[in-house]
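For this one, two forms of the same chain are given in structure tokens, first as structure 1 and then as structure 2.
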Structure 1
């Protein structure tokens, strides 16, 4: 039964018992024993007296006969008994009736009281149980209050409770002390606290609070800064929950505050590790990518400039890794100082940096900016008392023209940068779609070249070299030809650099050397001809110990006369690693094989390092020949090269002789041998067979 029901029930019972009591009182008032008894006695006395006095008079009037009188006297006596009997009956009946009524009432009331008693017993039990429960709850409440107090006093976090209706903002004393304040120093209202927030943080919290009060969030959670008494701001993390009324309005919010300054500092430290390049303190690739993703959402045009330090490897090799690192830091400092904010540079890896230009308007404007930057980069770099001229190559890609994703943009900037490297480094280039085609061409070439190696689609052509005095063929240079089934002949100028990059130069190099030696043996067999065969060898093979080992083994196995074998290397090839090249060439030379320096005049053209290398022959590049006007001023250089070469005991071969005048000129200048279309074009072995055939028949 509910409490309100119980109450009504008790009132009802009480009213009933009250009514019963009224009834009993009425009945009790009615029952008056002395009056009742008196009434019966008086009635009897009256009736008896009247009867005695009047009945004989009436009888006398009625009759005069004695007989009759006596007879009537008898009837009169019986009549009196009858009348008094009736009167007694009614009088006694009334009293007994009252008695019965009251006994019944008593019994009825007894039942009612009995029921009420039972109900009350039940109710009493319920009340006892409720009392016990309330008792327990009170104990629990006391316990939880004690606990709460312990938490407030003992917690390292602050406890807060904000009465929104009255703006009473309770914050534990401990929290105030943590910030250096006495408990009474700060008013216990939100307004009182407002001035301690870091500028702008209070407004942010208000927004979060409004969201929570609108029930858009499950919990109130905010991170902000509060002022310590010493003036420092400390980071605080607060969370809390509201108590809502029936209309869904928040009455108060309570929760905890936590000082998270240490965690924040750690986060900042971690961010430095995660987003900054340790060596240069520039942003790293991850941070750069995040910024790009953000910019892409902005849908405005921006540009990226991919920068690669030219020939940093050479600096590392020559001066050591530390100097290389020093340059990287120096270069980063230029970027940091010269790039206008908000543009920034990030270091992606080793010598690769990328600049983000936030607002790109046109190529001209950006070129102006980059020209200035590059003019600073080109300034000599002072280290260890010397000036070093370092250069950088850059590629520019523009969003959204050149790509809609970061990887597309990076790819384009990279392609443009590679293009700049090929153009001679030291500068920057904007990406153009045709560059992409070039790259695609290279990728396709890579795949096809790999197939060509496995399918042996190569062939060797041979170009004779003649003695300029006798004009006899004294040797042949083996030149590789690739007859691609789809594209036809592809120039070695196009595919050799690709093979050098993808490593296919090694199997190609083996094949050329082996085929050339086999051909030489064939000519020996066919024409008894001891002709010198020159083979071009890539710098990548010469500077690799394992490859050199294999080459030497091949030479030994083939058993060709080493003095009739010549290896041609280019200046640029040996510059990959001068010491290693020297080692490799000396090894080859120790067999008695001659070494020729190819294309002399196009690369570094430094006679000083020529002295360090084991060289027998100098081949002057045809470009060199083409630039001189016969008899003109430049011939002086040609003269000195020949003279110097001869002084170093080198034989001189002039390449690319196309005309009689050229032949006469170089002959006159004292070149030893000549090679060029004027004498012979490169040709397959079968065509040379014919020439050798004719020669040998002439000799016979």
Structure 2
């Protein structure tokens, strides 16, 4: 029963009891014992007196005889009894009736009181229960308030409650003190806090709040900066939930604040580690890729320039790793200084950098920009009192002309950079579709070359070397040939450089050396012919200690006479690592094996190599011989080379002899041996067997 209903019920019961009381009082007032008794007595006296006085007179008037008088006297007595009985009946009835009414009223009131008592008892129980519940709620409220206060005081976060209707913005005192303010210094309204926000942050929060109040988000969340009393701005993370009315309007929002300044600083530090190169402070590959993806989504035209520092390994070898790292930082400082926003540079790896050029317009404009940048890069770099000229090779790819994905763009820029390296480094090249085709050709060649090594698709051809005095075959040079099932014969000039890059030159070198030695043993068995066999060896094999160990072991196991084996190297091969090359060649020479310098005359420091390396034979390159005009100035250079070799106690072999005039010239100039199409073309061992057979027959 609601409180208002109980109140009305009590008032109604009270009114009814009042009415009953008034009725009972009226009846009570009517019941007056002394008056009633007096009334009966007076009535009886009056009736009796009148009856006595008047009845006899009336009888005297009505009767004439004594018998009638006596008879009527009897009737008069009975009549008197009857009349007095009736009178007393009504008098007593009236009194008793009032008494009965009073008793009934009392009983009725008693029943009403009982009912009211029972209802009041029930009501009292309900009121008692409500009172107990009110006590419990009051205790719970007190406990809740105490708990809330404990939470507010004990929470590490700031507690806030914003009454949107009245713009009352409660923030815990602890939070205010955390920012150096006393509780009374800041008004408890949102406007009171507005001046403490970092410029622009409050507007961002309002946008987030509007989205939340539109129920576009499930929770209010915002990150912003608040001003500490010392002037420092600290990062704050706020979140909260709203209370809504039935119309869906937010009445208030409550939540918490958290100081995340340390977290933000840590995030910034992590971002530096995640997105910036630690050595140069430039963007790293991850950050670069993110920016590229963003530009691609916006369909913006841009260009990337893939840069690779030329010959950085030589700087490391010559001056040490620390100097190499110093140059990388120097180079990065140039990029950082010259490349202005929105363009930027990133470092991908040790000596690889990438430049992103926004809003690419045309090749001419970008070329002007890069020409200026490369002119800065080419300036001498001073270190340890020495000026060093460093150069860089670059490849340029343009979006979307050269690719629609980051991997495609990087691939095209890498291809263009490699093209520039092959052209002589020190510059940049724009990607062209034909470069991609050439790269695909190399990739396919690389794949087929691996299959060729696995399936032993190679064959050795042998070109005889002739003694120019006796014109007898004194040796043969083993030349590798590759008979590809799809392409046919592939020139060593095409696949050997690829093999050196992918490391297959080592197993190929093993195969060539082993096959040539086995063939030499076969010729010894068939023709009792102790002929020297020359085998070309890559600089990657000579400068590798493990490979050299395996080669020396193979030579010992094959049982070939060392003096009948010749190892040929080129100037280019020993340039990989001159000291290691010298060490490897000296080890081979210690077995009694002859060392020949092949293609002499094509390098830039030939005389230096002759002085430092253990060389026995000098093979003059065919291109050198082809450019000589007999009697011309070049012939004097050729003469000087032959004379120089002989003075160093070296034997001279002329390569590429194709005419009788060339044969006569080199013979006249004192060359020891000749090799070329004029004498013999390279041929398989089976064809050379016939020549050896004929030579053996003549000797017999």
Ligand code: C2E
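All figures in this text were calculated on a predicted structure; none of them were measured in a lab. In this text, the rigid core denotes the largest set of C-alpha atoms whose superposition between the two forms falls within 1.5 Å. Numbering follows the first chain given and starts at 1.
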*When you get a sec, tell me if the form predicted in complex with this ligand is 1 or 2.*
1
*Rigid-body rotation between structure 1 and structure 2 - hinge position, chosen from 438, 482, 512, 258*: 438
*Just how large is the rotation of the smaller rigid part between structure 1 and structure 2, in degrees?*
12
*Quick one: how many Å does the C-alpha of residue 469 shift between structure 1 and structure 2 once the rigid core is superposed?*
8.0
*How many angstrom apart are the two C-alpha positions of residue 668 between structure 1 and structure 2, if you fit on the rigid core?*
7.9
*With both forms put on the same core, how far apart in Å are the CA positions of residue 549 between structure 1 and structure 2?*
3.1
